[in-house]
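Heads up, the chain below is alone and in the form predicted alone; it's given as structure tokens.
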Amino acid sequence: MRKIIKKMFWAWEFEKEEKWLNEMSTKGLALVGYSWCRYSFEECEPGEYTNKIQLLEHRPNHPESEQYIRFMEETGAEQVASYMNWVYFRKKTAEGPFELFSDIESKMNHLILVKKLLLPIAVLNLWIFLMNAVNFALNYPSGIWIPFINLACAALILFGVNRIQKKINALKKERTIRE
């Protein structure tokens, strides 16, 4: 029996999303599909799967991504969903620990990739805010609040970028300690 759950996570909350997916697995619900804010689950043995999420540099159908996904499948992982450049993997828990990133550098590179996804969106929203603020102030004074939606979006995304940067800095510090 398929169960649909609608839930939203910000791009910088992928670890929180992973944790939630693994909690769902513990409850006997295995992820089988995803589209924007819509998770599809099917019943499974409680805790049967461990889930991981990764942002790829290219779309999943790009040759480099296809090669990586094949590599992951050779390790026993299964791609159960993708959305834009995000890929959802699962692996049988009984097969042992499931990690996508084996060292600090690969963790940092993934976080940097997430940051590179978010920064242009924040800058675009700031640019739209500036362009529309002038236009609305001159032509539609009663609608001057509308551009502030873009400003709020930019602020929210920059908040996420800041959280990602803090994780990157913590990993850099950890790397320095280990050296």
Partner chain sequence: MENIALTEAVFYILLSLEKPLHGYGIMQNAEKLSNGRVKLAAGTLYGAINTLLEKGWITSVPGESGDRKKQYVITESGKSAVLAELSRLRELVENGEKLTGGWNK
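Numbering follows the first chain given and starts at 1. Not measured: the values here are computed from a predicted model.
Unshown form predicted in complex with its partner chain; subsequent notes refer to it.
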Can you work out whether its partner chain is within 4.5 angstroms of a heavy atom in all three of E13, K19 and E23 in the predicted bound form?
no
Residue contact check: E48 to its partner chain in the predicted bound form, 4.5 Å heavy atom
no
How about Y68 - does it come within 4.5 Å of its partner chain in the predicted bound form, if we only consider non-hydrogen atoms?
yes
Is there a non-hydrogen atom of E64 within 4.5 angstroms of a non-hydrogen atom of its partner chain in the predicted bound form?
yes
Looking at the partner-bound form in the predicted bound form, is N85 within 4.5 Å of its partner chain by any heavy atom?
no
Residue by residue through 104-124, which ones have a non-hydrogen atom no more than 4.5 angstroms from its partner chain in the predicted bound form?
S106
